[in-house]
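We begin with a single chain expressed as structure tokens, specifically the form predicted on its own.
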């Protein structure tokens, strides 16, 4: 892990880093309370499709978890996203995905399988990132680890969380089973940790039946689904308060 930039503001230190995984440079960021020392809970955050590790909502949430809860929070650019590709390099992938979405009428069938072509790469990158983060003195390996990811962050996060015993609780959402790959369904069914799942009842990208099927597939005995009216980008802001309670409950001591 090579740090390239560090800045502190409003009680939070933001550190940009690069990590090489299987010959691929993975850009990332970790936030922590300013002057943090010693181990603390770690929250990994997966950004949405066409977004990046420093996206507005993600970064704001990460900084708040650092200041209000004392967490360390980290994000990486997913394959074909953020600083990993120029717009010209990633354009063919997104053009194909848009065509498939139009034909399928949403994120089901071929669009899901196109996205999941990169899930194994993302899984390896997240595991390597977690290894590196836990070697830092202000993170450590002694505290619980959580995962938060909606939309693309869920499609890439579910296989990662299923393979990673260090993750103790996760928030997923805005995703569906969607006639996906057998590996993805197996991953969802193998998850046993507490899950909170967010879904938009009128999501124009994720058919309702596919979202319900994914929630049903999770093997967790402690799982909760929050369904709200509205489309894919209309999730109400009050859901953030529920994530706060969920991660405080599962990543901190009573």
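No experiment lies behind these values; they were computed from the predicted model shown. Residue numbers count along the first chain shown, from 1.
A second form of this protein, the form predicted together with a further copy of the same chain, is not displayed here; the remarks below concern that form.
The contact residue chosen from 224, 50, 190, 67 relative to a further copy of the same chain in the predicted complex is 224, the criterion being a non-hydrogen atom within 4.5 angstroms.
Contact check for residue 5: every heavy atom lies farther than 4.5 Å from a further copy of the same chain in the predicted complex. Although the partner is absent here, residue 18 sits far enough away that none of its heavy atoms falls within 4.5 Å of a further copy of the same chain in the predicted complex. Residue contact with a further copy of the same chain in the predicted complex: residue 216 places a heavy atom within 4.5 Å of it. At the 4.5 Å threshold, heavy atoms of residue 238 reach a further copy of the same chain in the predicted complex. Although the partner is absent from the chain shown here, 208, 212 and 242 each have a heavy atom within 4.5 Å of a further copy of the same chain in the predicted complex. Note on the interface: of 181-189, 51-59, 30-38, 225-233, the segment with non-hydrogen atoms within 4.5 angstroms of a further copy of the same chain in the predicted complex is 225-233.
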